[in-house]
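Okay, here we've got a single chain as structure tokens, the form predicted alone, with questions on binding and movement later.
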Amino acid sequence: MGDFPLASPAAPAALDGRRVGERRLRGVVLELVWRHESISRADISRITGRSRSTVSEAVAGLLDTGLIREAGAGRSRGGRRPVILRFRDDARVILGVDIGATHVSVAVTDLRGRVLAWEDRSHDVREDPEGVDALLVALCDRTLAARSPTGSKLMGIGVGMPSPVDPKRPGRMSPRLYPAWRGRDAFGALGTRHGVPVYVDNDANLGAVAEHWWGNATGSDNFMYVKAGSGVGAGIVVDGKVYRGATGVAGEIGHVVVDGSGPPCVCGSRGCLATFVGTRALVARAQSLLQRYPGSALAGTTPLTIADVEAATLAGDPLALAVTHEAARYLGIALAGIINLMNLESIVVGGHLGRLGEHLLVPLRDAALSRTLVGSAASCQITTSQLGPQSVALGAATQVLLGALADPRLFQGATSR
């Protein structure tokens, strides 16, 4: 990939005047303008402890990039009215890619997390890596062409994939989970094609990033995002940063054993959470209960899909509710142990279970509460994601933005494609 190798991202640290000497002042100024949306040079000088002339020099360089602009005079504090600086959210665009086991989704966002274009396609990702490559090219081109006609340059690409990510080889899918992808550098071609950096991370981690910045975990620095799809993963945020563990693979909650006598799992164990709440498990469970509920709306539906189960649950179908409540109980068992261990502020459930709202949350909270210490349970809010199917792609784009705010050189490498 030349100058733009695949990377595992790191979010920028919170601003502190004591740290200004450790980072380029221009980057500090840019992040301040982005965070405040509008701010004066005098305020930047006060926050950073740098002289106004030094700050003005940094601002002049940023004005030349088009990332910020002067937006008139602000309120006077006894002297000349200060000139207000504003961040241009439309100055660049970012591609966010969500690779799931059975789908490929692409979003184009501005620099404030607003989705400008979106494409989503079902695909057998597990067995068809070549098809995924072709589909990614088509969806990225289509979303870029459909974005708001501002002429904004592409700044970078974020990719979420349904696999643990090795920081040393971030483009490699787990060969155990995705044997057809063995030895493939999955997403490097994207960066080569578009001439921009590519950041790769686990999909649940990126769902957590999206929730932290734009969703139900805004303002929460210690929480967990659970993505329930074909598998089940978790993105854990500790002290405002995604926790990746010693080797970068933290959060594999789908392989927490919740019933030792349960069905076999692809990991080699039995009774893992994923074998009870993954999409295949829920569809299979609904099929096994059809004889008990002959009047169910799911009776006669062939082939039965997870979308059918979700729709029937939301409509109050007894069979679908039985499946959902059972899944909630198993998920509650797993979450209770994590709540007791980590004393989290909140847990956000996304993926197919996250779309079920109170139909899931009521039995899930009951199952977790009955197994947790009173203090831990009372302080942990369990909600479902409001970001919908765009959450991982949005998190992928957000991670690129955070990387650029930490290192403004990424803005300078943006292309016009």
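Heads up, when I say rigid core I mean the largest set of C-alphas that superpose within 1.5 Å between the two forms. From 1 onward, residues are counted along the sequence shown. All figures in this text were calculated on a predicted structure; none of them were measured in a lab.
Although not depicted, the form predicted in complex with a further copy of the same chain is the subject of the following passage.
- The shortest heavy atom separation between Asn340 and a further copy of the same chain in the predicted complex is within 4.5 Å.
- Val196 falls outside the set of residues with a heavy atom inside 4.5 Å of a further copy of the same chain in the predicted complex.
- a further copy of the same chain is not shown here, but in the predicted complex it comes within 4.5 Å of a heavy atom of Arg371.
- a further copy of the same chain in the predicted complex is approached by Ile253, whose closest heavy atom lies within 4.5 angstroms of it.
- Checking Ser288, Thr218, Thr302, Ser261 against a further copy of the same chain in the predicted complex, a heavy atom within 4.5 Å turns up for just one residue: Ser261.
- Note on contacts: among Pro179, Gly72, Gly295, Gly245, the single residue with a heavy atom within 4.5 Å of a further copy of the same chain in the predicted complex is Gly245.
- Only one listed stretch (330-338, 313-321, 134-142, 203-211) carries heavy atoms within 4.5 Å of a further copy of the same chain in the predicted complex, and that stretch is 330-338.
- The candidate spot formed by Val249, Arg270 and Leu344 lies fully in contact with a further copy of the same chain in the predicted complex, as each residue has a heavy atom within 4.5 Å of it.
- Counting a residue when any of its non-hydrogen atoms is within 4.5 Å of a further copy of the same chain in the predicted complex, the hits in 46-65 run Gly49, Arg50.
- Taking the rigid core as fixed, one finds a CA shift for Gln386 smaller than 2 Å between the shown form and the other one.
- Relative to the superposed core, Ile47 undergoes a Cα shift of 2 Å or more between the shown form and the other one.
- When the rigid core is held fixed, the Cα atom of Phe276 travels 2 angstroms or more between the shown form and the other one.
- Shown here is a form in which the CA atoms of Thr48 and Asp221 lie at least 3 Å farther apart than they do in the predicted complex.
- Compared with the form shown here, the Cα atoms of Gly188 and Val266 move at least 3 Å farther apart in the predicted complex.
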